[in-house]
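Next up: a single chain in structure tokens, the form predicted on its own.
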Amino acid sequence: MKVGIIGSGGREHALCEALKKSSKISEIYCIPGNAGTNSIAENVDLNISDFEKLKSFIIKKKIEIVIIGPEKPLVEGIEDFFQKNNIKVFGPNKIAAQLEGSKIFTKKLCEKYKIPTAKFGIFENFKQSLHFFNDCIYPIVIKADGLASGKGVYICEDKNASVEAAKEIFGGKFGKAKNILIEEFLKGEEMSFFIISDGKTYKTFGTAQDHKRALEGDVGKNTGGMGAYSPSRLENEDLNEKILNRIIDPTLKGLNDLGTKFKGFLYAGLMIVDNEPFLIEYNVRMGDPECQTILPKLKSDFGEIIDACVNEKLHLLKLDWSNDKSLCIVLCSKGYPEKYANDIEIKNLKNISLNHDEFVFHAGTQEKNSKIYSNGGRVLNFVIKSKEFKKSRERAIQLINEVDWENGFFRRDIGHKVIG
């Protein structure tokens, strides 16, 4: 079976790696891919926003299933477009993708179906939000409504920080803003909870904890993710049942009542307060770097799982997982998530030696004349699967030090809550 993967990050490299091991997969195309996917798939330099060109290539190459990695094309309706052209897609349609495409859409769904979440208000302009800032109890959370690459969330400790956040959002930092969302601040611990669905049934697909802040100690600017570990230290049977019964099931019912269904990965970003789950946000695809952390633990054939999902036969499969711990550290370009330089060679990468259960997933990289260069803020993902989180972290740091990339920085404290 021929498959295509849309995207160019660490998540897409991890997807390629998992599919490469599948007995069902004969060829993999990655559009546009990166220097890492180039070694296990055929990279195709196409604009992922040009659905017509994508369609022509997919039909020409007789690609049977297309897996959508990033959120933007899903929110823009790539699944609907491909389905109209009889192309099988792993990923949700445009309506279901609003779970990530609009935080306000999700909040209203929570309100209607009594899904536990933070109390919130929707504000249509800067002046309206300014009145609220004068009287509210701090800290508060301010969010851009649409897609913001994981960076459109502000935790504000006072009025000055709130005013600055609202100015940035309404000023167009994340695109044109008609509204902003302001939420109460929930004090707890974050958890990423995943399911995989074929539109009829779903199965759980692991847990993780992401580290969003740029600097050690969970401080600094919000990023797309500096590292993650799996499973989450909070995971337990009682909590899992609460998440499924109070959050996942009513969400899928809400979509069903809207006349649609969910197919693909659904990622619930949760805040856990005294073993009680609250929905913070949804992502309608695998997380990044959570995907890199979770997929190495999967023992089942990933190609079979994807095939079952697009053909609504997921109920026939049992998913098998390793009991090992997995930890990912992201090596970033200096200056990320603000300004950073691209096109800087990573000289020692090909010299490092990886053992079994050790992975380097490329993200912002490109290959030119057999040399690898940086091509983004998050550049490489070092993932180690072992019996202990501490050993995984130590080995990941050792490998990063061996690469010794002068333009890189990373967090040495990934997993600090579970490692101590």
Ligand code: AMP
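Not measured: the values here are computed from a predicted model. Numbering starts at 1 and follows the sequence shown.
Just so you know, the form predicted in complex with this ligand exists too; it's not on screen, but the next bit is about it.
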| property | result |
| --- | --- |
| Glu281, heavy atom within 4.5 angstroms of this ligand in the predicted complex | yes |
| Contact test in the predicted complex: Lys263 vs this ligand, heavy atoms, 4.5 Å | no |
| Partner proximity in the predicted complex: Phe185 to this ligand, non-hydrogen atom cutoff 4.5 Å | yes |
| Contact test in the predicted complex: Val163 vs this ligand, heavy atoms, 4.5 Å | no |
| Answer option from Val89, Leu314, Ala214, Met271, heavy atom within 4.5 Å of this ligand in the predicted complex | Met271 |
| Heavy atom within 4.5 Å of this ligand in the predicted complex - the one residue of Asp301, Asp145, Asp307, Glu190 that qualifies | Glu190 |
| Which of 345-353, 73-81, 137-145, 293-301 sits within 4.5 Å of this ligand in the predicted complex, heavy atom basis | 137-145 |
| Any residue of 91-109 that, in the predicted complex, places a heavy atom within 4.5 Å of this ligand | Lys103 |
